[in-house]
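This document opens with one chain alone, in structure tokens, the form predicted alone.
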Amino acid sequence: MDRVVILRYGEIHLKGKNRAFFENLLKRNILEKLHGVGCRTEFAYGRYVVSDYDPSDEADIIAKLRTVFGLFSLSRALRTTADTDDIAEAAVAICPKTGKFRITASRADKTLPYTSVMLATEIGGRMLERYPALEVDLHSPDAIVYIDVRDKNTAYVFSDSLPCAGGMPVGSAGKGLSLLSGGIDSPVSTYMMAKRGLKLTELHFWSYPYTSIEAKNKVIELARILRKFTGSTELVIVPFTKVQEAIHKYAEPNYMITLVRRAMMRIAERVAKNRGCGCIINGEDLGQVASQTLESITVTNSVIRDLPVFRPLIGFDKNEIIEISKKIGTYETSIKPYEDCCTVFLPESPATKPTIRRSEANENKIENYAELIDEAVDDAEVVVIS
């Protein structure tokens, strides 16, 4: 009898002939997450099992695995033979000594000399003999002991099932570029698209000296927090000062935010193509601020030529976004008082219903605008988050 962790996947069950592609990606991501941990990982017979680890490492193993997208749940279990005496020993070891309980048994190997019902009855009886204060309750038990008998004379006995991150394995949906500011929203949008299987590169716009070194380091910290979900990634930091200064100098004040967003999207598409990304992700939430009205989003999107722009938070309210940010561990970093470039040169009354024609007219006033965009792309800094 040995201690193991059983892993279960979710949506991959719905895949057809290409299911092996998703399974292999999930296996790779599990192995990457457990790199450096002394354990054995087995992938066979419809079960992913982590075994041969030091019991003192179990909590760390579980914490790591619960952040792997594609895994639905996991259980700490005892693995034994399919012999009823061995199963009973394991069940007695994990069951409570008092209260109401139920046995739930399943049997994949139909050649064994007992059915699932027979096994549950036999093991339940032995538990009652060992702990007379226990009481069987099939409908509202305080504890459930699960017995899963597999092929190759192997059985797993467990009593808990912990939820994991869900979603699809990172990398299964291709590559994307996620705009990462220092705020609350963009880390959540990054997390949500990683959950749908995108392998992400992150992009940050930095306007030194209007934004500080601390603001830059804050975003690097956010990328490191997100790494437990995204896996190893790159953070591209674009120097945005000259572009913002030019917009501030030549544009109508109420169009400055619109032009800043358009410049960001132009740069983002260039960076995405250079790094092999097939989409752009941002944390816009419809109606939250002036740059996120229907008209503003339309004008901003109009500069994108080839790639789709995903906005996973478009229908969320702020409280929902905050709750997710707290759950994934980015909230406390996001609220640190270091401003990002979106707060530089804010006008008193930004346009909430800008037009493409007027935006282009403002951009035409900016001297060497195309060269400034080129320079920002060429001078980008890449930070490896691994």
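Numbers for residues come from their place in the sequence shown, where the first is 1. The structure displayed is predicted, hence computed values, not measured ones.
Below, we refer to the form predicted together with a small molecule, which is not included among the displayed structures.
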- [ ] Within 4.5 Å of the small molecule in the model of the complex, counting heavy atoms only, one of 276-284, 163-171, 113-121, 147-155 shows up; tell me which.
- [x] 276-284
TODO: Please pick, from 84, 292, 233, 159, the one residue with any non-hydrogen atom lying within 4.5 angstroms of the small molecule in the model of the complex.
DONE: 292
Open item on the list: Within 4.5 Å, heavy atoms only, which of 254, 241, 288, 75 is in contact with the small molecule in the model of the complex?
Closed with: 288
- [ ] Give a yes/no on whether residue 342 approaches the small molecule to within 4.5 Å in the model of the complex, heavy atoms considered.
- [x] yes
TODO: Look up in the model of the complex whether residue 264 has a non-hydrogen atom within 4.5 angstroms of the small molecule, and give yes or no.
DONE: yes
Task: Heavy atom of residue 181 within 4.5 Å of the small molecule in the model of the complex - done: yes
TODO: Indicate whether the small molecule has at least one heavy atom within 4.5 Å of a heavy atom of residue 318 in the model of the complex.
DONE: yes
